[in-house]
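Just the one chain here, the form predicted on its own, laid out as structure tokens.
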């Protein structure tokens, strides 16, 4: 269904067109887009007339009586006021719309590259933002009607696997699997590194094992697969604890692209893009220079004929366009990788793999900081494991629930604590403007007051409690909204903004806009609930207030769900 804002803007566009038809009918399309985007001020500049005079012409041509009124303010701003009848009709339509006004789009194949941990290494706090933001965007794209192809580009190839496989053999396969299966990947990795630095014979064996891995030795490949499978199983446990939708089937690591690397070189060679530089094969995409102003190379094949990250990333773009038929490709990767990815995209476009019709975009994000505003570390100065962080959040949420004496069984309380902890961690991340850093403070994040995930969960649960208290269910389908109280009016305006907030957040890949909207809606509901008693009202007035509660609750639940956050009915 068209949003209220679509309807208003379409009427304004017709009025602008009517004014222009009487002054300059040969206006270029690009200029038409400009005035529709920037309004009276842009049109005033184009026509050489004072803004207020232009505003008067627009209002005179505007057909708006069935929707409300438009007044001119200041130098020429248009203030739109919706009529109660129009707003009532919009709310009545939403009561019967499970999508709450969010239309589906023509389906596209959207590849989203996110999370990307390394095999035989535990997931730590540095993986949190990519995982949470990527999962939220994947859910939002799916809700909009697109086909999402998740790509968990794990680090599962390269020279470290020589020492990891040799360490596995030294431990004994069963003992190694036992260590890895309990998620103690970091210990395994550290032991392999220490042995590599201290033992020359181990170092030589490791180097030979890398050669065996790269040349396809069956036993070496089998042992490598043991490491990969155990790591992927561990990743899946972390994703389940965080309620992230990534599955083992979404793991498409560096090794997947191995057999495509020579084709990348051949394509670039055929396109005349490869240049030999210091024995390496490179591409010098236009516009990229170093600090001295010299052209910056993207190294495709090293002088030892090995391949690095650039070749793998180019192969991934080529595969995603050619074989997956991606129409959008999003990389949820930290900001420091910005230049590298932009160079990869530039080379992919020069090679003809990436057409201008395909949106290929880096979605960067800031860092998670500790209370000292430095990179988040444990008390021992080590990187915080993601599982440890989540477990601590769950324990604290469980402790809070015990203090609140919810009357839940220990099992039910633990389940609710897990939901609250997930909401706290995810919402703190998603509600922060994506490219900014934020401080990780569990006490603040778990609070039931303020701009937090638990606060929004509690707002939804409070609404559900209203309906549980009804002695007799009330049918809401035929509700008429008078919106006599200012708090009811403001809540109604907030409810109809959901499709605009959702589409804006998805369009610009900024989930924080949807979080900001949901927090604002919850605050509007609190003001409404304090000023407009629901259960003590009767007749049509109670039905109207219940309908506003229902729409608010449904909007909070849907908005949280597309961000990957659960909305419990009781808290």
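Positions refer to the first chain, counted from 1. Being a predicted model, the structure only gives us computed values, none of them experimental.
Below: the form predicted in complex with a small molecule, not depicted.
So in the predicted complex, are 118, 153 and 313 all sitting within 4.5 Å of the small molecule, heavy atoms only? Yes, all three are in contact.
4.5 Å heavy atom contact, residue 333 and the small molecule in the predicted complex: Output for residue 333 is yes: heavy atoms within 4.5 Å of the small molecule.
Distance check, residue 109 to the small molecule in the predicted complex, heavy atom within 4.5 Å: Residue 109 lies outside the contact set for the small molecule.
Counting only non-hydrogen atoms and a 4.5 angstroms cut-off, does residue 202 reach the small molecule in the predicted complex? Because no heavy atom of residue 202 falls inside 4.5 Å of the small molecule in the predicted complex, the answer is no.
Considering only heavy atoms, tell me if residue 458 and the small molecule come within 4.5 Å of each other in the predicted complex. Judged by the heavy-atom cut-off of 4.5 Å, residue 458 is well away from the small molecule in the predicted complex.
If you check 135, 113, 166, 429 against the small molecule in the predicted complex, which one has a heavy atom within 4.5 Å? The residue from 135, 113, 166, 429 that makes the contact is 113.
In the predicted complex, the one of 309, 196, 256, 467 near the small molecule [non-hydrogen atom within 4.5 angstroms]: Selected residue: 309.
Of these, 232 to 240, 333 to 341, 274 to 282, 157 to 165, which stretch puts a heavy atom within 4.5 angstroms of the small molecule in the predicted complex? Looking at the other structure, the answer is 333 to 341.
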